[in-house]
Each structure stands twice: as C-alpha cells, then as structure tokens.
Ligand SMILES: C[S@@+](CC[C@H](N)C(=O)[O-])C[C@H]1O[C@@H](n2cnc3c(N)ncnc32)[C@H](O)[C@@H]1O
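Just the one chain here, the form predicted alone, laid out as structure tokens.
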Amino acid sequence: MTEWSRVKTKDGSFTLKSFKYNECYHSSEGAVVESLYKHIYPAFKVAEKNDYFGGEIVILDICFGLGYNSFLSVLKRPEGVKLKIISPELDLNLIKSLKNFDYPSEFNSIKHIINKVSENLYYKDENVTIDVQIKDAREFIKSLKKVDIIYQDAFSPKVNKELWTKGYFEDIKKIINPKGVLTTYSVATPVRCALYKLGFNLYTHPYENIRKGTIASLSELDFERVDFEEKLKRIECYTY
C-alpha cells in the first residue's frame, strides 16, 4: 500500500504528502526554500557568531523525514567546520526509499551520502556524520547530551501534538547549548508560549521570501524579536 504521494512545490523541488498524517513534509512554498530560510541560514548565522561552536556543530534534526534539512546542511557546511547530525525518525520505509527520491540536481554531489543514509541509516567521513535512529523523538532526546542546533520540523501540532508540548520542550532545554538555537516553521501561540515560559528568547527570521517561522534561543540573538510580553497583554498564554 502506498504511504505517500509526491507533490511538487513552488520552488520546483518535490516533497511528499503523508497519508497517515494527511500533511505534506514541507509547505507549498518549497522544500528547499523552507529548509534553507527557516532552518539552515538562521541556524548557521548563530553558529558563525559563536565561532562555529569550537569547530564542530552538533545538529538535532527533528524528524529526519526526506532529509532536506540534514542534506542541505551538508551542502551549506562552512569550510573547515565538521557537522554531526543526529535525527530520530519513526518511518523506516521512508528512509529506505530516499535513494530513489527525486531530489533537486544540486543534491547530485552528495548522492553517495543519500544512498548510505538510505541503506544504512548512517554516514561518516572526515567532515560529516549523519546518524538516523528509528526511535520516538521524545525518548531519543532524553539520551542526548549537548546539541548546538535543533531543527524542530515535526508534523504540525494539529496532528503530532506530542512533539510540541511544554514537557517535550523541557527536555529540549536540557540538551541545547546555552548559546545554541532552535528553528521551527511553527508560529503557533502554544508553541511559542511553551518556549517563552521555559526561558527562551523568541525571534523570527528576516527573510521576506517566505512565511515567518520561529527562532528560539536561551541567549540573545541578532534577529527580529517577537515581543511576547506585549502579546501576553492581549491573549492567554497556554501550552499543549
């Protein structure tokens, strides 16, 4: 039985629609555009400011999905910096199918990495490690130590609420580098409220070519701040 259908997005890249969750893995704006502008560009800007966290960036990719966030991180890896990408994912069949997925032509240079991840759930060379674990993200993150960047890119709270709760973000707070950054497409009030209550500073990205997302950090960042204090004067702050 087919588990997904292929969808072409606005930037020409393809994504999939999950029949289980009745959602696409990316917005209609574009799989590549969304990954770059909502996750990789802002996250790597923070990493650059922090001198690339000592020469190695540890990235937690929630959840691996089609791998756009992880693979584009490899393509955009700063020279001289090592990447260690760890990612939980529940759908083994999806990962096994990635070697046949129709990625954009810019991915051709890392086709050997995509194939290894698809076949073995793992890839390693002198600069890049990708480790995909077929595990529940909620339990997986409890086994981790410090990570520098978190791509919070699970299906939406509407269909996957367990990866957006205040309790979940409490566990995230325990493992994120105090100077690190969490990026997400979500601007949902309960999501921002949970992060705010846990002491995260909230920002949005400066790019005009894509809908706003949320950037969160325990440190001060050079992005447009979300004035959540002002918003609390108008709404009730609640979490999932």
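Small disclaimer: the values here were computed from a predicted structure and weren't measured. Position 1 is the first residue in the sequence shown; the rest follow in order.
This protein has a second form, the form predicted together with the ligand, left out of what is shown; the following refers to that one.
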field: residue 90, heavy atom within 4.5 angstroms of the ligand in the model of the complex
entry: yes
task: Indicate whether the ligand has at least one heavy atom within 4.5 Å of a heavy atom of residue 57 in the model of the complex.
output: no
query: Would residue 124 sit within 4.5 Å of the ligand in the model of the complex, counting heavy atoms only?
result: no
query: Should residue 21 be classed as touching the ligand in the model of the complex when contacts are defined as heavy atoms within 4.5 Å?
result: yes
query: Counting only non-hydrogen atoms, which stretch in 48-56, 201-209, 61-69, 188-196 is within 4.5 Å of the ligand in the model of the complex?
result: 61-69
statement: Residue within 4.5 Å of the ligand in the model of the complex by heavy atom, from 106, 162, 131, 119, is 162
task: Scan 114, 83, 86, 154 and let me know which has any heavy atom within 4.5 Å of the ligand in the model of the complex.
output: 154
field: Heavy atom distance at most 4.5 Å to the ligand in the model of the complex, all of 25, 94 and 137
entry: yes
